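One chain is shown next in structure tokens, namely the form predicted alone.
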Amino acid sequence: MLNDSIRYIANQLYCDEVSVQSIADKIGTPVYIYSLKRVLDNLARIRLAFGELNPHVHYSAKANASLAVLHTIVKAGAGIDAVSGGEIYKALQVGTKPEDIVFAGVGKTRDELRYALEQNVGWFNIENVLELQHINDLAAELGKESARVALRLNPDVTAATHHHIATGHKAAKFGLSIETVKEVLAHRDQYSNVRIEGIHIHIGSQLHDTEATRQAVRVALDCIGPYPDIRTFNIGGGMAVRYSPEEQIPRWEDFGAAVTPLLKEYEVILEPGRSIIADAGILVMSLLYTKVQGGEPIYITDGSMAELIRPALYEAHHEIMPVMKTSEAVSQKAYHVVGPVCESADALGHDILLPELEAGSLLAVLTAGAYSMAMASNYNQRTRPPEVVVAEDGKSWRLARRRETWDDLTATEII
């Protein structure tokens, strides 16, 4: 979706004050471009939406772990929500204080837990009783006085979102059941090297209503009610962004208003990811060929499911627009916008209204900052694209990740 940073000026697509065409002319395509100004604006809006709670914001690095993005967010005072040892490592590389890192994830290995303890991360979100035991044992082995943990509750609440990104229903792999949380809390003296000081919920991404979140918070509060020393409540993330003009989503302020009356007495942690970075990013690609198959017009681009797998993975929709906007009088047709990868699923969008364009024209996939480059691959031995950031003042840009080379494809292999 177009916004204050990703917009047309005189019929050319701009990222803040920099023309997208000028970046593509220099860097080539496909290329990811992020507005750091939009990132900071989104972070500020989220803080304002939950202002009365004064939450500790930990950016969810899995959405986009570009060092340039992480560094910008950490400089702005946010912490990091990491779901792997690698994300902890990258968080530390950009200067995140260890105490400002939350280590989450449903399948942490013992090696990752050891690394996190050695780095003195601030929180562990616990999703398995054996994981809690591992942390307790490793903390003792490493001579750590105690590790601070929050129990991730699976509240058995079904969120209004795509089933692939719903995490709070009882059949989901995430979190601990209500019964398990109550059992752990009743016997927490068994974990002498662990301090259970928080409760954590996250019922899914791209949430389309606030009531499910309120319901999950109430369930969690009931679990920790008998334990007045548990004063930290981690409400995860999940705030939605709009991927199409027709999509109806709650305002972030609505989420803040929904939980504030319930959590005024708690220290609150918030873990947004998509809502900070999604609409700050675009994927720019070149039109290679046009064809008509079975009466359906097709645009074949140099962008593919290897660069952006979301549409193929769970039928995600992204708006796709020409970088050079044509006159409103020019007729448009519904095109299938596809990539060159040898899979029928390799489509960036179906029935996308676009004008007739010539080979070499540039197209931009909007709202592509989250779960896009983060999930890119080398499928078909394609080199992953570069990432460009437009500076916080919106006036200049720089390369944040170079384009991979064919040498990179074999750098870790042994014949």
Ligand SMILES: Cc1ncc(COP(=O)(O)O)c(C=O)c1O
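Start at 1 and count along the sequence shown; that's the residue number. Remember, it's a predicted structure, so these values are computed and weren't measured experimentally.
The protein also exists as the form predicted together with the named molecule; that form is not presented, and the subsequent description refers to it.
Exactly one listed residue, out of Q206, T301, N154, T213, brings a non-hydrogen atom to within 4.5 Å of the named molecule in the predicted bound form: Q206. Proximity to the named molecule in the predicted bound form, defined as a heavy atom within 4.5 Å, holds among G175, P272, G79, G339 only for P272. For the three residues S60, G238 and Y371, a heavy atom within 4.5 Å of the named molecule turns up in the predicted bound form in every case. Using a 4.5 Å cutoff between non-hydrogen atoms, H200 counts as a contact of the named molecule in the predicted bound form. Only one listed stretch (60-68, 358-366, 386-394, 22-30) carries heavy atoms within 4.5 Å of the named molecule in the predicted bound form, and that stretch is 60-68.
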